[in-house]
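Alright, two takes on the same chain below, each alone as C-alpha cells: structure 1 and structure 2.
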Structure 1
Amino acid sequence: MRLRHIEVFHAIYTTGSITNAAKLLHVSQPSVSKVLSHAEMQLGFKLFDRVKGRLIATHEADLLFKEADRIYRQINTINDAAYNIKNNDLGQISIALAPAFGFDLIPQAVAEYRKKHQNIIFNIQTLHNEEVLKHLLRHKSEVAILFSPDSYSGISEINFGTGNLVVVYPIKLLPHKPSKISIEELEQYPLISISDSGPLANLINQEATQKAITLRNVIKVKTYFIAVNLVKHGAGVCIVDEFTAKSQQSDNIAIAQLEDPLEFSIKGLHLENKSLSTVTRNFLDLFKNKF
C-alpha cells in the first residue's frame, strides 16, 4: 500500500463512510472511491463490503488496520514536527561561550527565548579562546561566542557588539571609591592577572607596555570570576570584562572604569561550510539585542 492508500483506508475505517472520509481529507468522494479501489486492486482483497448502503470493514481490513493506524500516527508526528520546525518550536541550539556570558547575558536570553519556544533544547558549554577552533571543527557546538577571538580560515564571524575592561577593587583598599582609575595608578597595588595570554590579557599588556609601566601580577588565574572572588577576599585588584564584574558585585568591592578605555569585540564563530539552523539564528538575533 502507498501512503495515500493508507490515509484513505484509515479515514474510511475510522469514519465509516466514503462521504465522511472525503470531508475529513478535504477531497471529493469520487477521489476517495478511486483511491480505495486502487488499494484493493493492489492488495488483492476487499477492504470493505457495502451492506445496505453502508461500508463494513472486512476481516482482512480489521487485521490490516492496526499497522495502518501505527503508520498514520507516524505521518501525523512528522507533520507536527514539520509545523514546529517551520514555527521555530522544535530543534536544538548548541552553543559554546566565554564563561563571562554564563552569568547573566546568556541565561537571560535563553529564558526569554524559551518562554516563546518551549520545545527548544539548549546545549551550553563554556570555552576559552584557544580551544575554539578545535571545538568547532569537531562539531561540539554550532556556534561559539567569545571576546575578541582570532580570525580563522573556514570560520565565519557574527559581530554582536563591544565591551570594556574595568577595574574591580576592595573598598577597604580604596575607601574613597573612585569611579575611574588610570592604569598607571594600578602599579602600586597587587594585581590579580587573567593569565599571560588571551585577547583581554593582551589588551592589558599592550597598554602597560605603551605606557612603560610594570604591573605587579601577584596571582594569575584563567577564569575571570575567580579573579573577582579573590578581590572580594582582599587579595588585590583585578582588571576584567565588565560583564563578569557586574555579575559578581558585592558590598565589599567596587567597579571603576579605566581612564583610557580598553575596548574588546564580542563575536560569534561558526563553520563557514555549515549554515546555522533557523532556531539558532533567531536566538542569536535575540542575544544581539542585549548589547
Structure 2
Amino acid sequence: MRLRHIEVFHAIYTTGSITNAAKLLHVSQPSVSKVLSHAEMQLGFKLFDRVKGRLIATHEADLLFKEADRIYRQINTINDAAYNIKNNDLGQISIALAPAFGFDLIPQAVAEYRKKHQNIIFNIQTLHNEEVLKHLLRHKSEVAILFSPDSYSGISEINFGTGNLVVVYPIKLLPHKPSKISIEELEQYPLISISDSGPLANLINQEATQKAITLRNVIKVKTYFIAVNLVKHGAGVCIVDEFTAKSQQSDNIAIAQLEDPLEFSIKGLHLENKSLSTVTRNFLDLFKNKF
C-alpha cells in the first residue's frame, strides 16, 4: 500500500464519498476513483461497496482505517517537523564552554537568540581544556568554545576573535590604580596563578621564561573566576582573561592591561566529519558578532 493509497483511502473514508475526497485533496474526482481502484486491486479486497452509486465502507475498510488514521497523523507530524527544522524553529544547540564565557558573553548571546527562536533548546555546560576531545567525540556537545585550544586532527576550528590577559589586583595593594602594569612589576606581589598547564597558563609561563622573571605563585587554581575572587579577598594579584576579569568586577579590585599585551584567541571546536547544524551556525554567527 503506497502512501497515496493511504491518503486517498483516508480521505474517502472520512468524507464519505469520492467526490468530497477529491475536493479535500484538491485533485479531480476521476483521479481519486482510479487511485482507490488501484489500491483495492493491489490489496486484493474491496474497501468500499458501490451500492446504488454510493460508497459504503466494508468491514475490511473499518479494520484498515484504524491503522491508516495513525499513519496519516504521523505523516502530518513529519511534515510539520520538516517545516520547523527548515525554519530553525526546532532543534537543539548544545555547546560546551570554558567557564569564563559563562558570565556574560554566552548568556547574552543565548538570550538574544532565544528572543527570535523560542523553540530552540539550549544545552550549555562548562568544560575544561583536557576534556574537549573526549567530549566532542562522544557527541556530548556539538561545539566547544575555548581559549586558544590545541588543534586536534579530525576537529575543525572556528575563529571568534581574540582577547587579552589582564592583571587583577586589590586597590589596597596599588592605591594609585594603575591602568597598565608590566609583568616585571608582578614579581614583587604574591600571584594567584591559573593552573599549571592550559593555554593561558602557558602564555604567561612563556612570557616569564622569555623575560627571565620568576613569579611568586602562591596559590594555584583551575577555575579562573576563583582566582579573581581570591584577589577580592586580598590574597594577591592574578592574571586572567579580560572576560572573567570584567564579569567579576567589584569596588575593592581593579583591572590593568599588561605593558606587553598577551593575546589569546577564542575558538570554537567541532567534529570535522559532523558539520554544524544550521541553527548552531546561526547562533555562532551571532556570537561572533559580539567581538
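This structure is a prediction, so every number in the text was calculated from the model and none was measured. Structure 1 provides the reference sequence; residues are numbered from 1 along it. Only the largest set of C-alpha atoms that superpose within 1.5 Å between the two forms is called the rigid core.
- Between the two isolated copies of the chain, the form predicted in complex with the DNA corresponds to structure 2.
- When two forms of a protein are overlaid on their rigid core, residues whose CA moves 2 Å or more are considered shifted, and Phe9 is one of them between the two structures.
- Core-aligned CA deviation for Arg281 between the two structures: less than 2 Å.
- Once the rigid core is used as the reference frame, the Cα position of Pro261 differs between the two structures by less than 2 Å.
- Relative to the superposed core, Gly53 has its Cα moved 11.9 Å between the two structures.
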